Structures are given as structure tokens and as C-alpha cells.
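Only one chain is shown below, in C-alpha cells, and it's the form predicted on its own.
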């Protein structure tokens, strides 16, 4: 990945906090004056006055889930058993945090003649949300298909919002797939395959010279990247971002 970095430190206050899936919380911060980023980039977030700490420290890197036209900065994350993550559900509104960024080059390509096929695992949807909202807002001509894999609908952050977004952007298609529906309390009529050759063959058909964007947990990213290579996709046509170290 070719990183694009223009990092600056800012102090921001927490404006809102809410669940976007089971055990997945979104944090909305005030957007600093002059803060400019490209959809797909990330920031480092520091807890300035942590109530507890562990070996993982008080800083985490998060993709920016909000789009540039939104009035806030938003990140979203699975809740884990680290000291950092344990504090997030209870952070008081108005809490001051430090952010540094933006950084990263996981951004939509410029050439609209080439399609974009996003292969997303779980919380990897956060930078993709930003990209999709920008594409809809600016009426970008890019053909965009998103394969979004989760175990269950309960785990799929922003699922309803990104499903509805298809009505605003006729160039965009969302294909959610759930591979552990036996553990779900909901019904599901969609795909149930993991992202692999079968889904790729089905949904890349007809896409013009697609670029492949692979994002999610490291194991998923590495596995899907290997599958793409096996079916003849060159690394020059693959862009990836893994969400490790949580």
C-alpha cells in the first residue's frame, strides 16, 4: 500500500457513542477545523486520562468511518478485553482525546473506467463506509461492488445503512454474506458462503477491469489475497488493509 500521510495532532471531544452491531461501538468526535482526509484513511486515537492500562497501551489506530462531508469524525470498533477497549462503552460525552492523522492510502482509484470490487470482512467495513458515502454524495461514476462477510447479521456494522445507500447510488451494489447463521436469531435469505472462488466468480462477472480492495482481519485479508492470486489476479490489481492488533 502506498501511504499518503499528512499527520497532525488534534485534541477533540467525544460527541456521541452508540452500538452499530453486537459488541461493536461507534465513537463520533468533533471534527477539528481544517481537518481534511481522503475516504479510506485512518487516525491514531489516544486516551488522555485512562482509568486503566495494560501492555497494549493507550493508543489505537482506527480507520475513519465517516465521510468528508459529514460534520463529525467517526470510528467504529469491536469491543475486546483490552484495557483500551473496555473503557470505550463508558467514556463520558465531552471526554477529550488526542487524534493524530490522517494517514494511509487505502483510497478509491481515480479511473472510473475500472470497477472496484471490495472484499470486506467484519469491522473492515469502516473505511469502506467512508468511501461509499463519498461516492454517493459526489455521484462518482465508478462501478462499485462490495462483498461484505460476517458470521451473522447481528455482527454486521452499518448493514442497514449501506443496504439503503444503494437507492442513492445506482452504480453501487452491496452483497452481504453470513457464514454462521446457525448462531443467529434472525432469518437470512442472502448469501452464506465465505469470500472465495465461488462468490468471486459470481459477482466479478461483467465488471470492467476491476481493482480488488481487500480489508478485514489479517487472516481473512491474507487468505483472500492468496485466493485472488490463485485465480489469476495480479498483485498490481489488489489493494489491502488488515485490522490487526486489536
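Positions refer to the first chain, counted from 1. Just so you know, these numbers come straight off a predicted model, no measurement behind them.
What comes next is about the form predicted in complex with a small molecule, which does not appear here.
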| query | finding |
| --- | --- |
| Contacting member of 177, 204, 61, 28, with respect to the small molecule in the predicted bound form [4.5 Å, heavy atom] | 61 |
| Residue (of 146, 133, 108, 76) lying close to the small molecule in the predicted bound form, criterion heavy atoms within 4.5 Å | 76 |
| Stretch in contact in the predicted bound form with the small molecule, which is absent here, among 29 to 37, 52 to 60, 205 to 213, 180 to 188 (heavy atoms within 4.5 Å) | 52 to 60 |
| Residue 95, heavy atom within 4.5 angstroms of the small molecule in the predicted bound form | no |
| Residue contact check: residue 123 to the small molecule in the predicted bound form, 4.5 Å heavy atom | yes |
| The small molecule contact at residue 142 in the predicted bound form, heavy atom, 4.5 Å | no |
| The small molecule contact in the predicted bound form: residue 80, any heavy atom under 4.5 Å | yes |
| Candidate spot 42, 85 and 241, all three touching the small molecule in the predicted bound form (heavy atom, 4.5 Å) | yes |
